[in-house]
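Just one chain follows, in the form predicted on its own, and it is written as structure tokens.
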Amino acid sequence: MHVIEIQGLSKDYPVGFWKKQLRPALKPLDLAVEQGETFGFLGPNGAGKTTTLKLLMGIIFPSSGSARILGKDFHDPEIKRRIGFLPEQPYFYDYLSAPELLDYYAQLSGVPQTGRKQRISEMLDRVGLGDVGNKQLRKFSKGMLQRVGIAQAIIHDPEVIFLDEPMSGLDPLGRHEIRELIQSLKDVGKTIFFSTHILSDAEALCDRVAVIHKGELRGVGVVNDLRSSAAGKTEVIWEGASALGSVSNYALEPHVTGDTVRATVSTELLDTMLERLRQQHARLISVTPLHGTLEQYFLSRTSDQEPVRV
């Protein structure tokens, strides 16, 4: 089931002194997210990630296109009760405590008064802030504020959760804590759509990812499949350093230790290189395909080459 369906969604901004020219912040976007999926929306700064999320949240209006969330038009007010949102740089009232802030958002989200206090306590425990008491938000660290932000996004138990750069500006410990929190939401079946430019987080959490660059979708797919498509090299180790000269046109980044050579080779040239080594009576030690990384795929899609249509 498509929980999020985006069809031709775009956003142009007028630029110039007379505002007569249009600059595309998001080119027509087609995208679908399945129920229970953790979906990563990847791109460098200024790629159009936040613009897309603001459009889906109804904060700004599209120049063209449409979207559906949970089977309803994304402008339908009823949808707001069934989704949660954490903006990239949320502003919270500094002099409120975490329980007071969550009580405020719980009322806005329609959480019944009966059991609301218990719900707030459960959410604070869930995000690791059960012991903050009445400490004011202005005294919170960046990581603590991010956790409060996620708590307000899930206080009403939404079906779909949108997170805009949830790990931005966090130290390694803070990133780990937020990753664990997102994983816990994934484990209970929530559909999570989050934007990020931190590829290791997307690789660890996401079922599928999409890459956007300069407002244009460059690729989308299952993380493991994209990593495989970004591979294409094999590591070969052999004994017989004298054979290196005969395969110098194939061996990439060779390292020689005594009589042992370690090198990589493009997969399409592997058979030719192995045959040359056999002719030189080199003794093969190992032939190991190298796994691609999400970073390799990301870089291939955000280069200035002609974008790959998907």
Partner chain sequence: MNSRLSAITLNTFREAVRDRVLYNLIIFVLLLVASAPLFGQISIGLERLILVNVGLSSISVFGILIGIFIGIGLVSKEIEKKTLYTILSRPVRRWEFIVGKYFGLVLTLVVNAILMSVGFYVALLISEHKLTGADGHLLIAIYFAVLEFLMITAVTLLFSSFSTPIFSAIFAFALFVIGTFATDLRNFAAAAHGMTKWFATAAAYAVPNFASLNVIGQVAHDQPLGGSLIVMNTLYALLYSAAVTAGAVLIFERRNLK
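No experiment lies behind these values; they were computed from the predicted model shown. Positions refer to the first chain, counted from 1.
Quick note: we don't show the form predicted in complex with its partner chain, though the next part is all about it.
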item: Partner-proximal stretch of 120-128, 211-219, 91-99, 181-189 relative to its partner chain in the predicted complex, 4.5 angstroms, heavy atom; value: 91-99
item: Its partner chain contact at Ala204 in the predicted complex, heavy atom, 4.5 Å; value: no
item: Distance check, Pro44 to its partner chain in the predicted complex, heavy atom within 4.5 Å; value: no
item: Proximity of Gly36 to its partner chain in the predicted complex, heavy atoms at 4.5 Å; value: no
item: Heavy atom of Phe85 within 4.5 Å of its partner chain in the predicted complex; value: yes
item: Ile155, Leu226, Met167, Leu163 - the one with a heavy atom within 4.5 Å of its partner chain in the predicted complex; value: Ile155
item: Among the candidates Ile285, Ile60, Leu252, Ala241, the residue which, in the predicted complex, approaches its partner chain to within 4.5 Å (heavy atoms); value: Ile60
item: Non-hydrogen atom within 4.5 Å of its partner chain in the predicted complex for each of Lys54, Pro77 and Gln107; value: yes
